[in-house]
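Just the one chain here, laid out as structure tokens, in the form predicted on its own.
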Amino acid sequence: MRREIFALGVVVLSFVVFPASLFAYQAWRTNALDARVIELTANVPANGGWQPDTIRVHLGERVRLRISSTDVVHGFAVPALGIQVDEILPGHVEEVEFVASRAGRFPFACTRWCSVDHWRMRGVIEVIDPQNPNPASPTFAPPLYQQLNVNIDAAHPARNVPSEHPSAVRGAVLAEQITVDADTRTQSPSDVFAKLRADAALKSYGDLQLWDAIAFEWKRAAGDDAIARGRQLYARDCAACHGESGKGDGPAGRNLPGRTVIDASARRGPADFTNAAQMLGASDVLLQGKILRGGMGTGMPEWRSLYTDQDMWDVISFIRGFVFEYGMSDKK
């Protein structure tokens, strides 16, 4: 009888108590050490966009996003948190894990052109501090274009346009002969040209030589690293509308109203970054204002919520190369 009771106890221990304990341990381990799982689905905007488009988590929480697509290839990025998923294929699930280490609102976006309304693929991750659930709203200094009273909606054609695109490569040869003293952020290239052309010491140089020197100065002031970063951001976020060559002919931008919402006689579609008259008449501050604020009905989205100031300067440094001919290595 004792042997039978002992044997029964072994059976119960082996097939009931031990598995139950193991499952309980695994459940405890999952709850204690694993991340909170949040399902996030990407649809083209006409079918609802991101679902959900607002994700709320607590400060210090470990989060695992399981991101899927129902229709086309999407991408995912939360720039402020350093999170990026390059490709989300339909029917597949991509996972990315992070710790919500600081409170705030962190916008996310699709990084692959998915439809003509791609720019609407925006959402936000809200990281809430339970100890301070209603923090005061942060204050920001006015953007530079407002501080300098730059009207970013006004036409800004260059007063002088070169006979061909200036070349930073040719300008490098002239760097020791022509000194370009310019604030490349606040002055337009056209204004700098006017100043150089009025300098009697440069009378022997032709207009195109002065423009070449200006092109080199803009490239030098930006730096190769900034131009390289700008190229990556442009390819990811801008080329779908503005085109790989900057001509404003990207597939997502062809039917956008562009400046026709301001001037009915203006061309439709995104800005053409190869248009020397427009680009040489614009300061970097003016271009930053357009990127930061967006086009106010033109179809150009705002990037203030996704880009840092440095991101914007880097993109501007790159797009300058469409007119300033940085050289093939800078335009790949």
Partner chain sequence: MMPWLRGRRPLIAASAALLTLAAIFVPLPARAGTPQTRTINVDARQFAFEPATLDVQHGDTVTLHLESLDALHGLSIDGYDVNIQAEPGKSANVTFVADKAGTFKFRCSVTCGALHPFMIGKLTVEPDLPLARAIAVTLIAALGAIAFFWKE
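This structure is a prediction, so every number in the text was calculated from the model and none was measured. Positions refer to the first chain, counted from 1.
Separately, the form predicted together with the partner chain exists; it is not shown, and the next lines address it.
Only one listed stretch (67-75, 155-163, 178-186, 138-146) carries heavy atoms within 4.5 Å of the partner chain in the predicted complex, and that stretch is 67-75. Though the partner is left out of this view, residue 126 does not reach within 4.5 Å of the partner chain in the predicted complex, counting heavy atoms only. Under a 4.5 angstroms non-hydrogen atom cutoff, the partner chain in the predicted complex lacks residue 97 among its neighbouring residues. A residue is said to contact a partner when one of its heavy atoms sits within 4.5 Å of a partner heavy atom; residue 235 meets this definition for the partner chain in the predicted complex. By the criterion of a heavy atom within 4.5 Å, residue 90 is counted among the residues contacting the partner chain in the predicted complex.
The partner is absent here, but in the predicted complex a heavy atom of 251, alone among 223, 104, 206, 251, sits within 4.5 Å of the partner chain. Checking 240, 169, 150, 81 against the partner chain in the predicted complex, a heavy atom within 4.5 Å turns up for just one residue: 240.
Along 113-150, residues 113, 114, 115 each place a heavy atom within 4.5 Å of the partner chain in the predicted complex.
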